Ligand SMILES: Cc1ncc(C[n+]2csc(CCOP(=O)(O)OP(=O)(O)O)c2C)c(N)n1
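Read the single chain below, which is given as structure tokens and is the form predicted on its own.
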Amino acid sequence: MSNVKTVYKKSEGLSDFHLSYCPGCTHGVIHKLVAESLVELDLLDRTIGISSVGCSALNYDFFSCDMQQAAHGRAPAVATGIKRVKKDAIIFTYQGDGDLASIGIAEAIHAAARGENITIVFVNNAIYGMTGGQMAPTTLPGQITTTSQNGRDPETQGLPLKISELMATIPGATYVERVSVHDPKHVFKAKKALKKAFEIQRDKKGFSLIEFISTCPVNWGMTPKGAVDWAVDNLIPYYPLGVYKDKTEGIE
């Protein structure tokens, strides 16, 4: 008989598929938090996730709840349709900055404006990852990408969109928070925010969005550790962490 005691195992909310993400990418950490939150709240069996287009396009293989693939940017619209048919289901979208902040910005804004009782998981790594490292709406001023090889120029390309701040101005939104997963302390905070967002949906209190500051070592041209340091030194100062709206706590 073995005396080995299991002290940690993969969440039941994740399947046995190997993740397809690049080494050092924090999508895997975020997936883990989504899965653990749903299991711990006993919501997994009634959950339907919406896969976007981007690095996370294959996440219908990774989560063990029901999943639906959406066209590029349309995840909030698909989520709206499913939620209106299955009102007691827990519906979340999982979207990157290219998917949500660019082609899907209208769908996200109007889902919030209607106060749809869904949860958006928004991953901001300041670049288009899957398609080759192009400039995204969230790319920082001066940041080099394949389509801004001299760095993003605000005079010609505008300033980056701050999605959490934008969503917080929409009256229909209930809860908006920006988090990060760059160290254990912030991973725990991020999980707390996710669980609150799912609880708000469970209790039929409306629209929630959790924005994650993430990394893209390959397209940033950095090591995994260097990418984490760059995110802390550059992304978080431009995209400050914190609660931007919480109607349940009187934060407008």
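Note that this is a predicted model, so its numbers are computed, not measured. Start at 1 and count along the sequence shown; that's the residue number.
Keep in mind the form predicted in complex with the named molecule is missing from the figure; the text below concerns it.
For the options L44, I200, V53, M67, the residue carrying a heavy atom within 4.5 angstroms of the named molecule in the predicted bound form is V53. A heavy atom within 4.5 Å of the named molecule in the predicted bound form is found for exactly one of D97, E107, E116, E177: D97.
For the three marked residues, H72, N125 and Y128, a heavy atom of each sits within 4.5 Å of the named molecule in the predicted bound form. Although the partner is absent here, I170 sits far enough away that none of its heavy atoms falls within 4.5 Å of the named molecule in the predicted bound form. By the criterion of a heavy atom within 4.5 Å, I103 is counted among the residues contacting the named molecule in the predicted bound form. Figure note: of the listed segments 77-85, 107-115, 152-160, 128-136, the one touching the named molecule in the predicted bound form, with heavy atoms no more than 4.5 Å away, is 128-136.
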